[in-house]
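Just the one chain here, laid out as structure tokens, in the form predicted on its own.
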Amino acid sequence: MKKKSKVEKKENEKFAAFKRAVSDFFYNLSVKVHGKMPHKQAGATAIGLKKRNDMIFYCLMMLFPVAQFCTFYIAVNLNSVILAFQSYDTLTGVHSWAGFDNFKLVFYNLFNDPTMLYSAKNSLILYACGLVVGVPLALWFSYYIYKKKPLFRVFKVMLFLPSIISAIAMSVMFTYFAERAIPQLLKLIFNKSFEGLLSGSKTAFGTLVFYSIWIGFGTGILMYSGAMNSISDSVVEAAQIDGIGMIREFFSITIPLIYPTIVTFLVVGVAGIFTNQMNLFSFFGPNAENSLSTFGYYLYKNTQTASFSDYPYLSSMGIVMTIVAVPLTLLVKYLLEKFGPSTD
């Protein structure tokens, strides 16, 4: 701790010296421009100059992040909103006002296009599986690691490893495992040929759901176990003195105390209904079967392969999904906070 505090102290001193140098530069510049200050006003003027120079320093430091936010968030999203009400003529290369025509086409396709119907169904199934299977398993494994049970370090590494390995590398390894290793193992056991899990029409979707849940364990376990480690030892010790068991401790103490973290993941998961592509692009590129599509994959694939004439339609679809996702997310957040467990 002492070494750490010394390093932090040196870094703070360097930052303070840099700040003083900038302030002195602007102060000296002001003195050269306005001449020597009267003696009576020197103290008050120096304080005013220091405040002004501090503000200039702050503005200079904030200039880049603010410009980046305005360019890559506000401008990009504003352009998407404008595009949603336009159409593009491929012959003349001119944008023209289209009113709500793009939105009408989006609503028509949502209820009539088979790909959109598959996307809606698969996105909801993926979210439900993550909610019913993924979240409880992540909580339980996090609790196992938090209690430092046998082989907890092995579980911690194995479950977090997919999150730090390249998505393409993981998809290649998993494809080899699902398409070659498993069918070969089943052939040895049953003396019968089997299709690959990803190429088989009956097993592809279930395999992708399993992969999505498994690949998402790392972030969940990292956050949940971190929240569990912040629980006061005195609370746990008092419960153990009263004779509480491991399962009762999990449901009555651990879950209520980390409930805000759980709420965060559940709320983000609701928004993910419209963005999660189920790793389809990593496995199939833009050539995945329509029956496997999700909202996230549909938007990502079409954006990657779109021409200028397609952008207005995709922009309007993004706005429609945002209009649906925002109130739904806020409603779920409100219900989880209102009816969730209390720490009292």
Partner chain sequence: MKKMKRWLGLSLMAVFAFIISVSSVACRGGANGGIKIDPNRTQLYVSSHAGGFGSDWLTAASARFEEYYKDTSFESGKTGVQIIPDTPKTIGTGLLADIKNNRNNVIFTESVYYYDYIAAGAMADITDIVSGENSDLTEYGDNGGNIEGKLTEQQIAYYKTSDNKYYGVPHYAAFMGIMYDVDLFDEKMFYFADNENNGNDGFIIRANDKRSAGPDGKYCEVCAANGYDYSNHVCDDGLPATYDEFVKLCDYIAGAGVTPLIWSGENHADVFGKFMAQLAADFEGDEYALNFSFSGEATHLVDSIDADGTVHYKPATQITNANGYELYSSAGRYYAIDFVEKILSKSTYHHDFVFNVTHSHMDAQDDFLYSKDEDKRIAMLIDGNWWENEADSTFADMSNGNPNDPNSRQSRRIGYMPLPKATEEQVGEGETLTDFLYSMGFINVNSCDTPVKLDLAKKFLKFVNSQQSLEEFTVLTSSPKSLEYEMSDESLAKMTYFGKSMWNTRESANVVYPYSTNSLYLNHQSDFVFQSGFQSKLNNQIVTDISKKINDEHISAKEVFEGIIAYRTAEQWAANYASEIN
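Numbering follows the first chain given and starts at 1. Since this is a predicted model, take the numbers as computed values, not measurements.
Not on display, but discussed next: the form predicted together with the partner chain.
Which one of I182, L105, L137, I255 is close to the partner chain in the predicted bound form, taking close to mean a heavy atom within 4.5 Å? So the residue touching the partner chain in the predicted bound form, by this definition, is L105.
Report whether all of Q240, I244 and E337 sit within 4.5 Å of the partner chain in the predicted bound form, measuring from non-hydrogen atoms. No, none of Q240, I244 and E337 comes within 4.5 Å of the partner chain in the predicted bound form.
Classify T115 as contacting or not contacting the partner chain in the predicted bound form by the rule of any non-hydrogen atom within 4.5 angstroms, answering yes or no. Answer yes; at least one heavy atom of T115 falls within 4.5 Å of the partner chain in the predicted bound form.
I'd like to check something about L49: if you look in the predicted bound form, is any of its heavy atoms closer than or equal to 4.5 Å to a heavy atom of the partner chain? Because no heavy atom of L49 falls inside 4.5 Å of the partner chain in the predicted bound form, the answer is no.
Although the partner isn't part of this model, could you tell me whether L266 comes within 4.5 Å of the partner chain in the predicted bound form, counting any heavy atom of the residue? Residue-level check for L266: no, no contact with the partner chain.
Residue contact check: F250 to the partner chain in the predicted bound form, 4.5 Å heavy atom: Result no; F250 lies far from the partner chain in the predicted bound form.
Residues in 282 to 296 close to the partner chain in the predicted bound form, defined by a heavy atom within 4.5 Å, in order: F283, F284, N287, A288, E289, N290, S291 sit within 4.5 Å of the partner.
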